[in-house]
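One protein chain, two forms: both are listed below as structure tokens, the first as structure 1 and the second as structure 2.
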Structure 1
């Protein structure tokens, strides 16, 4: 059973509160993508959502918290979509290829979300001025990708290699794919993803014994 409280100890939000937060997050994504991070004020986001700025302040402590919620929600949706497709895969190679292809498939239908993420990643800062989303923020992703590569090595599908190096390379390649597609909307994202999946399949493949 789920607790009556959220993980941070606060009382569980009602359906209406959850719906309002989702509305604010969706509006934030649209405003950030269109106006840019710097111009995406809480007042402008509230205007887009058709609510008062005070409503946003009720649900979020400030702009930084709202930006973090945008990132969390976008990533949660991507993960949910990808895991649903990966659930039917029975091999490490199948998991590897499906992860790359489904992430691209999902984001192809959410270009606005991708643009908003890019704005947040490049502009959101901690109080000390360092980027909020630096390389250390990718640790959870690296570990999840490592599990795929480790499984492939354990089952004999993949050759021996450093799974951390491969996970970092995997993540960076997907990020670069989206960055290029964002700058060149005419680029065939699905074809790029297929080439990328082929590349990592060849990079990890165990060669047959002579």
Structure 2
């Protein structure tokens, strides 16, 4: 039972409530990854969790809030994981390669979660029909990647190129690495990641002047 509010006025969630929300989110992830966004109904999610549909409505303001909660959690995981690994890299090339290899490493253990994330990311829409996420929501990721590329250009490691185009292509290539591996589990994810790191290393390399 709720004892006290958080200092910011938000109600402190009880242990039961937090546990239930986590359970529902886990089931939502499984169902979305397996059935796709369009078929992932509250009935299916509730059935997977072994609860009544009304429990979801009780713990979440609506289906949209549930979907956004999934995105928040899964995305935060990736970012936290990647940032921790990149902290001790000093060169732009080191950062670049570590980002690709780290994300691949994270992918291996979170295939279902990332599939669900992608499904929601590409399909969730606001009540007015406009996309809730989509490529505009990748702006923060693009800026992070751009900073790596800019650093490399400033230190002389990298050649001159459009860092926005490089960031967009980088992000897309990492996504497609996951998509391909998801569809072909026998595909060597680590080898793909190393090849991809090589690809961008060559793509950015400053060549000796003639």
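Heads up, when I say rigid core I mean the largest set of C-alphas that superpose within 1.5 Å between the two forms. Since this is a predicted model, take the numbers as computed values, not measurements. Residue numbers count along the first chain shown, from 1.
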Review point. Just one of these is the form predicted together with a further copy of the same chain; is it 1 or 2?
Key: 2
Practice item. For residue 193, decide whether the Cα shift between the two structures is 2 Å or greater, given a superposition on the rigid core. Key: no
Check your understanding: Quick one: core overlaid, is residue 165 moving 2 Å or more at the Cα between the two structures?
Key -> no
Exercise for review: Calculate, from C-alpha superpositions, the turn of the smaller rigid part against the larger part between the two structures, rounded to whole degrees.
Suggested key: 17
Review point. In Å, how far apart are the CA positions of residue 57 between the two structures with the rigid core superposed?
Key: 3.5
Review point. How much does the C-alpha of residue 43 shift between the two structures, in angstrom, given a rigid core superposition?
Key: 4.8
